[in-house]
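The chain below stands alone and is given in structure tokens; this is the form predicted alone.
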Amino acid sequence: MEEVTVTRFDDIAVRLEAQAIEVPSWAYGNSGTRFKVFGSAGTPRTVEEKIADAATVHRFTGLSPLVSLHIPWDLVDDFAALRRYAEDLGIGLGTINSNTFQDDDYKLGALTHTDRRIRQKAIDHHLACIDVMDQTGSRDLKIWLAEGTNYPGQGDMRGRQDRLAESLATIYERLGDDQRLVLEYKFFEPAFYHTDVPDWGTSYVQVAALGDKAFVCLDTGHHAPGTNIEFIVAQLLRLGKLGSFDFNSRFYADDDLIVGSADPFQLFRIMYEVVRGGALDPDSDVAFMLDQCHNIEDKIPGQIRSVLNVQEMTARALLVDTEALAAAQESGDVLGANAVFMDAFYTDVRPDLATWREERGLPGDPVRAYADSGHQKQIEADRVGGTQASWN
């Protein structure tokens, strides 16, 4: 077996320039388990304070120029003013996320409900979200549905798919020319017998029927144990239907842990397929976003760590010697091909990334820089009183 060479960091540094990882507004609020939501000092009390925290992450990392909003959690009277507020802080408003999982009417379904009135209520909510997009300049409407059944025979699974298709088509028709619909999937929870959009295939079938402005959203925590997520990434990219990522980590279920914390190698494998499929190219429309809950750790440093993890695994994925890999694959050199892959993964890019940041006026170690800045103590002192933001 020939010695494996790894691409130099200098050869891939330019490809990191345009990387952007959108951060979610709800990551800065209090969260927890289904048993308790934990409060912490310095938690935002308003949408504006959430946006300010997101801007802080971008200021220390240069990686998160957009913050996504969740409706109705982030409702304000004037979204145009909110957009200007974000822009004054150096970031923009990104994906608009709908919410049809916290209303009593939706106990048995929203877009799939048998009651036409309830379906229309859910549709109207999504149309209102598109109205918000018109004001914020957001491109994507992301839909995740907590819909399904708990018991065999409880609902007509085929009928629910038909009603979902009809509801989505109505929402899709309202999209502007430059707007997109991205449909997320999740294999279980909160429905335990069947979920209406449980996998990438179901999401793909639904969005393919809608048209060229509808795509699949892949949440890295929404799969059964052992699922080969990078294979799904490759398939959706070759089909032209991967619209966005929700990055997080899981050990057991939808744990919403910091991306890359449970299985860094999995994140590397995913990012390799991202690179392989052209999703990191300048003309790619694939959106990269975090979807995490910081239950016991501080929110801002948790988000800083998260975007840095994505950047680090992206750099390692870019270091794969694709020529050597292709040659080994073509010749049937099983161990050689794997060695090319593994050598890139084991390359420590952290010193190079620190230098890369410093050359761009960013702190070499954003986590340490934030800890030393005193910003966390400042917001804890300032944000006293009021009601802290929370997803419940």
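This structure is a prediction, so every number in the text was calculated from the model and none was measured. Just count from 1 along the sequence shown to find any residue number.
There is another form of the same protein, the form predicted in complex with ligand PSV; it is not shown, and what comes next is about it.
Novice: For ligand PSV, considered in the predicted bound form: do all three of 22, 56 and 247 come within 4.5 Å of it, counting heavy atoms only?
Specialist: Verified in the predicted bound form; spot residues all out of contact, no.
Novice: Answer yes if any heavy atom of residue 101 is within 4.5 Å of a heavy atom of ligand PSV in the predicted bound form; otherwise answer no.
Specialist: Output for residue 101 is yes: heavy atoms within 4.5 Å of ligand PSV.
Novice: With heavy atoms only and a cut-off of 4.5 Å, decide whether residue 184 touches ligand PSV in the predicted bound form.
Specialist: Yes, residue 184 is a contact residue.
Novice: How about residue 85 - does it come within 4.5 Å of ligand PSV in the predicted bound form, if we only consider non-hydrogen atoms?
Specialist: Residue 85: no contact with ligand PSV in the predicted bound form.
Novice: Can residue 294 be called a contact residue for ligand PSV in the predicted bound form at 4.5 Å between heavy atoms?
Specialist: So residue 294 does not count as contacting ligand PSV.
Novice: Out of 217 to 225, 133 to 141, 152 to 160, 280 to 288, where are the residues with a heavy atom within 4.5 Å of ligand PSV in the predicted bound form?
Specialist: Of the options, only 217 to 225 has residues within 4.5 Å of the partner.
Novice: Which one, 203, 97, 306, 314, lies within 4.5 Å of ligand PSV in the predicted bound form by heavy atoms?
Specialist: It is 97 that has a heavy atom within 4.5 Å of the partner.
Novice: Within 4.5 Å, heavy atoms only, which of 199, 273, 298, 254 is in contact with ligand PSV in the predicted bound form?
Specialist: It is 254 that has a heavy atom within 4.5 Å of the partner.
Novice: Listed by sequence position, which residues of 37 to 73 have a non-hydrogen atom within 4.5 angstroms of ligand PSV in the predicted bound form?
Specialist: Residues within 4.5 Å: 70, 73.
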